[in-house]
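Listed next as structure tokens is one chain, alone, in the form predicted on its own.
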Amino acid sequence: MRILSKIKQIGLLMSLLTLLPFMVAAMENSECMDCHGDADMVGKELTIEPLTFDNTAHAEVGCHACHASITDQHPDDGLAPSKAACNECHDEVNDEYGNSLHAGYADCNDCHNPHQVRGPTAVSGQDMNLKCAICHERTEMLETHGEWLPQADLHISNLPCVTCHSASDEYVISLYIIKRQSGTMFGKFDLATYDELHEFSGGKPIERLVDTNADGYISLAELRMFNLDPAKKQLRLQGMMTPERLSHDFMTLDNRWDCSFCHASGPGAMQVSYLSLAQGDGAFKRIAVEKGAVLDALYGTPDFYMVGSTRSKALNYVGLVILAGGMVMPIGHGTLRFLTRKNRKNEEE
């Protein structure tokens, strides 16, 4: 028993030692945020939103990991804090980016704020494109893409740029709630913010707007209820083909010129989808959606239709009726001529 007790004590000690760096980092982060979380104290340029930073991967390693020169006397010591280079931790990404078309034109910090960075599944496709729009003006992109790409505006609005301009892969369909920004029926739809969704939910968790039974899973029936609910007529679902694994080898890949890369990828690739909802800290939370949602263009995702991969049972039935109706005349006419062939022969004689 004593041996077993000793083993438990050693195990507990090892666990505490393992957690100690993170506990210390959290304390250091809190001390930093006492000043840097207050714009009046440090100024707008040096302000860091504590809740946003706390939910980044960088927060886990702590402020001191990147600003190692900071002492207990900061800022009274008058020393400028050191800043770690991104490649000290992200060497593989640095090498990948160094061989891309972007290398030499933009540094990491031009696209990524180290106090706001998140993984690809916690960022919306629209936010990804905002990074690109810092340099690539939308009007110019519409003009250049419109020279060869049908409905360039629709494609640019509903695809992250990295889908076509990098080797990012493992694509899924991410569904976002968009909101009409005016009271008229012709108002423009934009990505709904957390505050807007919270208002629509009546104070309940915003997931309940679609996940009505709160089981953490979106069924096809729940999607239909959301799409057909008159109380939610100012809201819609927007689908985007987003990568699970991001690449920084920015380029124009040959197979992206081929429409079949997206439009003939088959039902299997279109089966995996998630509802991605804005959160109070600026991140996005994903909820798994029942397979088949993207294939049901009429009720599942009425505003996301990919010709060649999307199907609708209702439209299939309509198509069959149209085909059957179109066959009635030639078949009926041919049948009548066959049945009356003897009468016509007698008349001719």
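Nothing here was measured: the structure is a model prediction, and the numbers come from that model. Counting begins at 1, following the sequence as shown.
The same protein also exists as the form predicted together with a small molecule; that form is not shown, yet it is the one meant from here on.
Student: Look at the stretches 148-156, 168-176, 229-237, 211-219 and give the one with heavy atoms within 4.5 Å of the small molecule in the predicted bound form.
Tutor: Going by heavy atoms within 4.5 Å, the stretch is 148-156.
Student: Given the small molecule in the predicted bound form, answer whether the residues A39, I206 and A288 all have a heavy atom inside 4.5 Å of it.
Tutor: Judged in the predicted bound form, none of A39, I206 and A288 sits within 4.5 Å of the small molecule.
Student: Do K131 and the small molecule share at least one heavy atom pair within 4.5 Å in the predicted bound form?
Tutor: So K131 counts as contacting the small molecule.
Student: Taking the small molecule as it sits in the predicted bound form, is E31 near enough to touch it, meaning that at least one heavy atom pair lies within 4.5 angstroms?
Tutor: Residue-level check for E31: yes, a contact with the small molecule.
Student: So in the predicted bound form, does L46 come within 4.5 Å of the small molecule, heavy atom to heavy atom?
Tutor: The answer is yes: L46 has a heavy atom within 4.5 Å of the small molecule.
Student: Is there a heavy atom of Y274 no more than 4.5 Å from a heavy atom of the small molecule in the predicted bound form?
Tutor: No, Y274 is distant from the partner.
Student: Could you work out which of M225, L191, L197, C108 is the residue within 4.5 angstroms of the small molecule in the predicted bound form, going by heavy atoms?
Tutor: By the 4.5 Å criterion, the partner-contacting residue is C108.
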